[in-house]
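The chain below stands alone, shown as structure tokens; this is the form predicted on its own.
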């Protein structure tokens, strides 16, 4: 008869890094299966092996072990051999007893994790400085500490035929639209891929349309931001191995909002948001407008400025559109090199790229100083909204080409086409450009102009939620609040997703 350890090891390939430990206790042979680099070996020795040695000779060994190991960690009883690999790969010690069909899986993680620190892309002057890490349970614990409510729901599942990546949907029962949760669960079940390495895999796979230019899911590395979105009736999606949490529904306005906006006074926040919008428009349109002015509309420039511009471009053999595209190309090369180059060489890259290369190119007559200034302003403002930097980079190139061939009229027409397209996009029932297209009056309180928190009585109405009331107004406030009735929710949801 085949021994228990051989049966279990048959589930893995012959070169799998599976360690086994054979013990004899209570007159029975007991096997431990684990991966050295995933578990805490000291904990296994003290909390698992020592209790096994004290087993009695009679009785149900698995049941007795289950009672003795309850204080070690999560203990799960397995009835099928096929469940063993997943538990071992999830940092568990699997315990089997010869001639018994059941197994025990005891979670004893001992692998190294990155410490919790402030995310590099979401630093704040005021407010929490915690950021998600690459461990799902740690990330969930940070959300639980902020949302101490029984209505917090966490639905788990595994994705990836080979990676078996753990996915968690986090939302508030009684607040979130249940149809969005159902749609997400259905979409996740339809995903058939060999591996989910990062949450960005899901960001693309969960998009409702084939159009991939603009993202349809929000993302954040900060637990306080994700907790706030959950409170607003969104669903957060966390992936084990990724510090980025996704959220749905998503609207464009979320990327114009910063975590620090809610820890500062409202007038300052309003000023900064208007500044971000202006910066985004400059990043996208400025190079194209500069090319259009040189090529078609130089007569609209003031005479003194025109004379200075003509003096600076004298001797340049390239047309304006080629010159700007060349500078943009150089800027993107420097940007890619700065991201991937070792930090110790960053200063050298700045000196070579910005000073030596730029100054030499100007003196050689390849590019002009105004074009460098225009591209520099566009490049700086491009990252004023980092979550939209990828889309803005491509749009900048498109508007530059349009400006070089069709002038201001082409830029204006292209901008109208872009705006028309943006207002047609939806993300799980939410209009992409809400609360301005369509207009949602209550949501504009947290739009370009932010009002004090005491006046934000309702949750966002740009998408459907079961309970629209965020807070009760003070006695002096003249607000009449009312939660959305369930029949109204059902009617609105059926219009969006169809009847169940």
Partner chain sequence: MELTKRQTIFILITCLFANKVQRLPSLTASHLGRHGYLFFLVMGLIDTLMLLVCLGFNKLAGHRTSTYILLEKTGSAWFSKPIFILFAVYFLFNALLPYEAIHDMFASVLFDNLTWEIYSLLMVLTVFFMASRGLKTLGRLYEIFFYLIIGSFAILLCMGAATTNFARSLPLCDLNVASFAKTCFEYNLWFGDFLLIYMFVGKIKQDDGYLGWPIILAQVISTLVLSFAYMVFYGLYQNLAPNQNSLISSISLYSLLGLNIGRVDWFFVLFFQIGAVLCAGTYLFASAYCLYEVLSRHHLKGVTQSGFLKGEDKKAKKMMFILLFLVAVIYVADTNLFKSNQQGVAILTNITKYFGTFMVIVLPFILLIAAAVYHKKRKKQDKNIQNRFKNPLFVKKTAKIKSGKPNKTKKLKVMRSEK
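Everything quoted here is computed from the prediction, not taken from an experiment. Positions refer to the first chain, counted from 1.
Absent from the display: the form predicted in complex with the partner chain. The rest refers to it.
Proximity to the partner chain in the model of the complex, defined as a heavy atom within 4.5 Å, holds among 457, 433, 52, 38 only for 433. A heavy atom within 4.5 Å of the partner chain in the model of the complex is found for exactly one of 28, 444, 63, 461: 444. Contact check for 302, 409 and 438: all three have a heavy atom within 4.5 Å of the partner chain in the model of the complex. Heavy atoms within 4.5 Å of the partner chain in the model of the complex are found in exactly one of 75 to 83, 222 to 230, 192 to 200, 419 to 427, that being 419 to 427. Contact annotation for residue 144: none of its heavy atoms lies within 4.5 Å of the partner chain in the model of the complex. In the model of the complex, residue 289 approaches the partner chain with a heavy atom inside 4.5 Å. Of the heavy atoms in residue 413, some are within 4.5 Å of the partner chain in the model of the complex. Although the partner is absent here, residue 326 sits far enough away that none of its heavy atoms falls within 4.5 Å of the partner chain in the model of the complex. Residues of 453 to 470 placing a heavy atom within 4.5 Å of the partner chain in the model of the complex: none.
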